[in-house]
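Take a look at this single chain in structure tokens; it is the form predicted on its own.
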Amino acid sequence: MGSILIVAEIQKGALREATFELVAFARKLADANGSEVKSLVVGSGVADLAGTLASKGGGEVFVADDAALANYNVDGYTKAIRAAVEAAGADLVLMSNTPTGWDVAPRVAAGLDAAFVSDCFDIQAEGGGLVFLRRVFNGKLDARLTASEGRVVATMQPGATSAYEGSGDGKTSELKVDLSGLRAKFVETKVAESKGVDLTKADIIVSGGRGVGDPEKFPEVIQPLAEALGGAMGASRPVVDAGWLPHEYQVGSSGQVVSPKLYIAVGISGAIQHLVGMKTSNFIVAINKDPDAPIFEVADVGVVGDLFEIVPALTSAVKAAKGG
């Protein structure tokens, strides 16, 4: 196998944590099949960031540094990634499954006539080839995908693995990219006005999932516990998709990423998209009738039982303890 190319992502002037998660995936595969790990940093004035990545497992880091790349530009990024693929001789290109990855990865794959696999939570080296794992049917099943031949471009779910914590003696190399004829033009970045619930500031969150049964149960069961604890109410994506609660209540990779002191997951099975959004909570309590629910893998305390018995009892106990 040739090399593995990691496409780094920069957010607010720093390398995103997801970039070092890509390093962890790449290093695992490199140990298994002997491939080289190389990386790409795209932007303007990003030499220091490239050096950081080289020293933290990124291998040889190609630097596409140009004023035209100071802000995300899909045409410019596509050209830079394709140039880095050729320079690295890469057979596998790894990007984060973020809005940037959603936009640019399929274009890169199409331009390289490569296979494309999105939203993976793991890659395994098996029998001289690679197996890409992704969840399907709203997390109910795991799909195992292989490419018959040629290059593969894959996007990896942020939070699916821990960030690489090792070091490396990589180097940085300037990458020349022809940026003439760019059709896309950066105009501005607009930050959506926050509304409703800002779960990122809550110390305690009680989230309900599809196991709650119907929308009326949220104000009857979930919200009273949240209020008794002095916290906020959250929800999983299926709840929001069903229209039971507005999007601002959603915890997960496509909602709000939270790290409260206490997170109580009620009737939530624990699809990777939800785990990504809450697994860094200081203390996690999971209440679910299914003892095999994935949420128990990250929970500090797991309660298997009927949430309609457990949660009201817990709410009463909290109120009694507070003298209410």
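Here the rigid core means the biggest group of C-alpha atoms that line up within 1.5 Å when the two forms are laid on top of each other. Position 1 is the first residue in the sequence shown; the rest follow in order. Bear in mind the structure is a predicted one, so any value in this text is a computation, not a measurement.
Just so it is clear, the following notes concern the form predicted together with a small molecule, a form of the same protein that is not shown.
- Residue 305 belongs to the set of residues with a heavy atom inside 4.5 Å of the small molecule in the model of the complex.
- Although the partner is absent from this view, residue 250 contacts the small molecule in the model of the complex, with a non-hydrogen atom inside 4.5 angstroms.
- For residue 293, a non-hydrogen atom is located within 4.5 Å of the small molecule in the model of the complex, even though that partner is not displayed.
- Although the partner is absent here, residue 271 lies within 4.5 Å of the small molecule in the model of the complex, judged by heavy atoms.
- A heavy atom within 4.5 Å of the small molecule in the model of the complex is found for one listed residue only; from 76, 101, 209, 158, this is 209.
- Of the residues given (260, 255, 59, 43), 255 alone sits with a heavy atom within 4.5 Å of the small molecule in the model of the complex.
- Partner contacts here mean any heavy atom within 4.5 Å of the small molecule in the model of the complex, and among 261-269, 64-72, 47-55, 22-30 they occur only in 261-269.
- After superposing the rigid core, the C-alpha of residue 156 moves by less than 2 Å between the shown form and the other one.
- Core-aligned CA deviation for residue 276 between the shown form and the other one: 2 Å or greater.
- With the core superposed, residue 40 shows a C-alpha displacement below 2 Å between the shown form and the other one.
- Distance between the C-alpha atoms of residue 157 and residue 256: shorter by at least 3 Å in the model of the complex than in the displayed form.
- CA of residue 249 to CA of residue 157: closer by 3 Å or more in the model of the complex than in the shown form.
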